[in-house]
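Below you will find one chain, with nothing else, as structure tokens; this is the form predicted on its own, and questions on how it binds or moves follow later.
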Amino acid sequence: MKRFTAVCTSIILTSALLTACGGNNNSEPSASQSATPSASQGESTETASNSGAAKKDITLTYLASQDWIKDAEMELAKKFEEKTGIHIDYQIIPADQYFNVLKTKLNSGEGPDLFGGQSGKSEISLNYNAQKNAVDLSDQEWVKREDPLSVDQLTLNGKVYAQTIWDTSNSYVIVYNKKVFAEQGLNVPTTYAEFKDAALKIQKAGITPLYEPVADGWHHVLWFAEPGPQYDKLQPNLYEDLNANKTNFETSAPMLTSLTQLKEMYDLGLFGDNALSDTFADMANQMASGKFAMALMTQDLPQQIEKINPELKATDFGFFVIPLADNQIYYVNPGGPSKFVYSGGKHIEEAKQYLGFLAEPENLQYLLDNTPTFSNLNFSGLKDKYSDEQKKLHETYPVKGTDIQDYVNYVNPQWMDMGKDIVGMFGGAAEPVDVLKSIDKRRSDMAKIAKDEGWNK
């Protein structure tokens, strides 16, 4: 059985440049507007708490994209400074500017001590040139406790180049209003045909079936990318053949089916009249208004809705997977925002020390317990916060698989371009097969730049 598909009863697993994918774009307020934690600098002559080591008067710079650093991590940074004297200077960059800023710093040889980046083999190779710019962390103790699928996303040629601490189990699923479904006599769909019929019945009742924020450029790509394990099931060995350049997107019948169904959903008006201008930031508000029955979102959305509209309880909402191409596999994203130690930094050992501190079990549990959008983390031995509906979701879909962007090379780096292609498809400027052709062209271009032997025979 392949590593990306397994049958299990509980999840310990885990979306794009700015997306996806996985819990990578949740809407929980974070400390991203504050550049540094408000901890005082330790004196180098003091003794660190819980150890006999002398404190160090050092500041580590950490460059990260907006929403990647949670408030609880800021608090842990204060504790780390109290213990070691090492101060963490968080330099938070708006998401749409982050990669350009990071690339400039890395190319100039003036990178920060630590930098953030999305995981994924092609991502860390092409976008961050991890083998040159990042330190090999393979020998760190926490690597053994991190989810192996997460570690694999950060590994090149047998070396681990970053640390992911993220709720990789909180996949984007369809959050649905159970009261609306009950009023319309609907059950959770298990096929695309059932899903379409349910949505049309909801639409006929005067409720917009789905809130889909296309304006951000990334969210609508999830509909196509997340059911990747189903494509691999219907077209056996698809993932491996794509990575070996033995097949392509254009000729994949399951992927063509999925995009064709997505276009049909748009054409039927299931996303409402304003999908192209609707935004991700407004999702909770719109769902709380009662005007929409469903949304593709992480599993913390019901709690957000209840805070906005107490008349709607979190327990009024349930979950099911994207049923395009009749998918019934629970797709997981084993990656997420990750921490790299810059190879040209002056404080490499101290940066490793900070990553080790964050990965201590008690600190992981603190981060989990104090981050509202996290229900679990991708490390063993933690006490999760799964709701009853999440537990039901995991029980309903015992078969798990890795989404396409985190397994197939050269997909995640073109996420926003894929979003533009799909918008063109919605508007009639392109057919579903044209979207697949565009993905193939960009994959080929990236593979040749990377000197991928599959494309350079």
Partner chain sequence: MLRNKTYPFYFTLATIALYTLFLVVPGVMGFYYSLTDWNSFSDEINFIGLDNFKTLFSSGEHYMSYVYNTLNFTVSTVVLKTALGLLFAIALNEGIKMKGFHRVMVFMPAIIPMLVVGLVFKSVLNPATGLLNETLRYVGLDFLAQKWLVDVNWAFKSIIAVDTWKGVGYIMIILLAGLQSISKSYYEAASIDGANLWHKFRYVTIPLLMPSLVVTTVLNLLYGLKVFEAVYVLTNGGPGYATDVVYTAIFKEFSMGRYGVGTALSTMLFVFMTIAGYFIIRLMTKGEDERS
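Positions refer to the first chain, counted from 1. This is a predicted model, so every value here is computed, not measured. So that the term is clear: the rigid core is the largest set of C-alpha atoms that superpose within 1.5 Å between two forms.
Absent from the display: the form predicted together with its partner chain. The rest refers to it.
Just one listed stretch, out of 327-335, 93-101, 228-236, 156-164, contacts its partner chain in the predicted complex at the 4.5 Å heavy atom level, and that stretch is 93-101.
When contacts are judged by a 4.5 Å heavy atom cut-off, residue 57 does not count as touching its partner chain in the predicted complex. Although the partner is absent from this view, residue 391 stays clear of its partner chain in the predicted complex, with no non-hydrogen atom inside 4.5 angstroms. At a distance threshold of 4.5 angstroms between non-hydrogen atoms, residue 421 is in contact with its partner chain in the predicted complex.
When its partner chain is considered in the predicted complex, residue 252 lies well away from it, no heavy atom lying within 4.5 Å. Proximity to its partner chain in the predicted complex holds for none of 143, 352 and 358, with the criterion being a heavy atom within 4.5 Å. Among the residues 203, 245, 380, 129, the one placing a heavy atom within 4.5 Å of its partner chain in the predicted complex is 129. Residue 276 is the only one of 276, 308, 193, 348 with a heavy atom lying within 4.5 Å of its partner chain in the predicted complex. Scanning 334-356 for heavy atoms within 4.5 Å of its partner chain in the predicted complex gives no residues at all. Taking the rigid core as fixed, one finds a CA shift for residue 110 of 2 Å or more between this form and the one not shown. A movement of the C-alpha atom of residue 66 reaching 2 angstroms or beyond is seen between this form and the one not shown when the two forms are aligned on their rigid core.
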